[in-house]
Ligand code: SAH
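In the form predicted alone, a lone chain appears below as structure tokens.
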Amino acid sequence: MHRFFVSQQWISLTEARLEGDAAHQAARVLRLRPGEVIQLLDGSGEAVDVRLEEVMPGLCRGVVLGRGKVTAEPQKRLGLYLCLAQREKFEWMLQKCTEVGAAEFTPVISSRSLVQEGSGWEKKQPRWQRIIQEAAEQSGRGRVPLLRPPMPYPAALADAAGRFACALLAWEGEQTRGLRAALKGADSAAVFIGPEGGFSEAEAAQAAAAGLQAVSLGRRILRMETAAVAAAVLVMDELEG
């Protein structure tokens, strides 16, 4: 069943509609036809099944068949602080970590980030938000993860420590503490994923001073994008286990 995140205003007790890009996707890209059933999500965690009655590129209308809670939406919150990287890698991380269950993303500018400034955010944000939304639709999520503006590393450390029950730094220099021990008893977690060159020792010390725990993702050195997905899978499994 095809899923679409839509405005709450588009759904009433008995009827629903799609407008704009969503209607275009339904009519032109997916080539849906009257009589087909789709699922609409308004970000509240509820899913609404709708049978299409009218399908046009600018407007689709249908009748509400039923409503139910989205069971695939995580109940525990994972925030990923991802150091800015090449566009393809960063977008891949947004897509895959949305599928895994991350609740929010914060781009971070660290000393070894290939991208050293947050300029151009306004141009990148719509594309990144679209990638996240499409991944949420594909994976059966009930909410679209939050995409926050880029932050410099020191500010991001303070932000994570103040907003999450457990704030972690995935660092290859940590040899003993794993995710399971660090997450024990936590109901929310933030994880920092370093750039291609990793976090420096000075940055690891800075994180510790801010209250973060450095954790190991295993004995092998992972690429940035691999580390992001691996950390997201392991943290979500531990939080929801």
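Sequential numbering from 1, following the sequence displayed. What you are looking at is a predicted structure, and each value in this text was computed from that prediction instead of being measured.
Form predicted in complex with this ligand: not shown, discussed below.
Checking Gln213, Ser188, Gln206, Ser216 against this ligand in the predicted bound form, a heavy atom within 4.5 Å turns up for just one residue: Ser216.
Proximity to this ligand in the predicted bound form, defined as a heavy atom within 4.5 Å, singles out one entry of Trp171, Phe90, Tyr153, Phe105, which is Trp171. The closest heavy atom approach of Met224 to this ligand in the predicted bound form falls within 4.5 Å. Shown alone here, Gly198 lies within 4.5 Å of this ligand in the predicted bound form, counting heavy atoms only. Stretch 190-198 is the answer when you ask which of 41-49, 24-32, 190-198, 54-62 has residues with heavy atoms within 4.5 Å of this ligand in the predicted bound form.
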